[in-house]
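The chain below stands alone and is given as structure tokens, in the form predicted on its own.
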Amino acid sequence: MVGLSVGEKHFIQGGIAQDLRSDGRKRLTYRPIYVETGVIPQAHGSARIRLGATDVIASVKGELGKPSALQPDKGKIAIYVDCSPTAAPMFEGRGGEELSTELSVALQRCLLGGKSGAGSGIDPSSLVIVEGKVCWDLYIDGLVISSDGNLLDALGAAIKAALSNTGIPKVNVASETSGDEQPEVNISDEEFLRFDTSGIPVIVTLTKVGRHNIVDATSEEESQMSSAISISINRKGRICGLTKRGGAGLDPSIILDMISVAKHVSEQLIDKLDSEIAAAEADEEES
């Protein structure tokens, strides 16, 4: 937890009420976003996102596996988050483990949709090689290096950038089989498949401080929140997922208003993030 004096709390809350936050931003303004891609050579794709003093990395690794019996026409995707103990004092011991689990569950809810895959920003059917027999299993790992608030939005952006950077080897089926036998496959060293990341949503977290909502809250601002709602929204303005934290309840009409604000903010965030990802990938190709 961030320890603040009474005066500091009044300063933060008063600034938000007047639409002038302590770092000079307005209520609905993000901190500058910096993107770096290809930061982990061993992964199939990776990216680093810095949002103010919040610094996170996401990596994507694909392994050949077998589709589940319940969803033979879909591959599998798993998201795990690790909070480095050096990122913040509260991450040491069980505090870090609990937050890692909370962030992992929230990211799966926001990016992977329901259990059926409906609403998913990543199409699981695109990971199938031979229905019911061979598929790609995607393991998406997030690492929190430094924390100054708004971890969920930063991790969501890092995953979007890492998937844009991902190249999965092309797999050719060498021989068809019948029954339960696994087919022989050849994995290419030269041809790679890229993901269409245009449908992957961004996550916009609206943090309620006093009577007002803010985006991209710092750790100090989060310490003053009553509740927060994270909404994942794609380029078409569709809601892909939603998760809430904080003890205070929210009236349904307020939630609808927050969704409307998040949709407006997401348009600018998607454009900014896409341009930063494109610039980072261009820099990576040149280097």
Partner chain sequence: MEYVSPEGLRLDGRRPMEMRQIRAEIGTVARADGSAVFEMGNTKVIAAVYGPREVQNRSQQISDQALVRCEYSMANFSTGDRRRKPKGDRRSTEISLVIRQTMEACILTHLMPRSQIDIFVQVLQADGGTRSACINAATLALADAGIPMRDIVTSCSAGYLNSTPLLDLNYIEDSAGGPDVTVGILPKLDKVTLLQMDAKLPLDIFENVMGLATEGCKAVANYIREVLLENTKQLEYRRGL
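Residue numbers count along the first chain shown, from 1. The model shown is predicted, which means the values in this text are computed figures rather than measured ones.
The next section is about a form of this same protein that is not shown, the form predicted together with the partner chain.
Put simply, of 198, 86, 101, 172 only one has a heavy atom within 4.5 Å of the partner chain in the predicted bound form, and it is 86. Of the heavy atoms in residue 41, some are within 4.5 Å of the partner chain in the predicted bound form.
Although the partner is absent here, residue 145 lies within 4.5 Å of the partner chain in the predicted bound form, judged by heavy atoms. Contact annotation: residue 59 falls within 4.5 Å of the partner chain in the predicted bound form, judged by heavy atom distances. Contact between residue 248 and the partner chain in the predicted bound form is not found at the 4.5 Å heavy atom cutoff. Heavy atoms within 4.5 Å of the partner chain in the predicted bound form map, among the stretches 60 to 68, 22 to 30, 256 to 264, 221 to 229, onto 60 to 68 alone. Residues of 63 to 82 that come within 4.5 Å of the partner chain in the predicted bound form, judged by any heavy atom, are 63, 80, 82 in sequence order.
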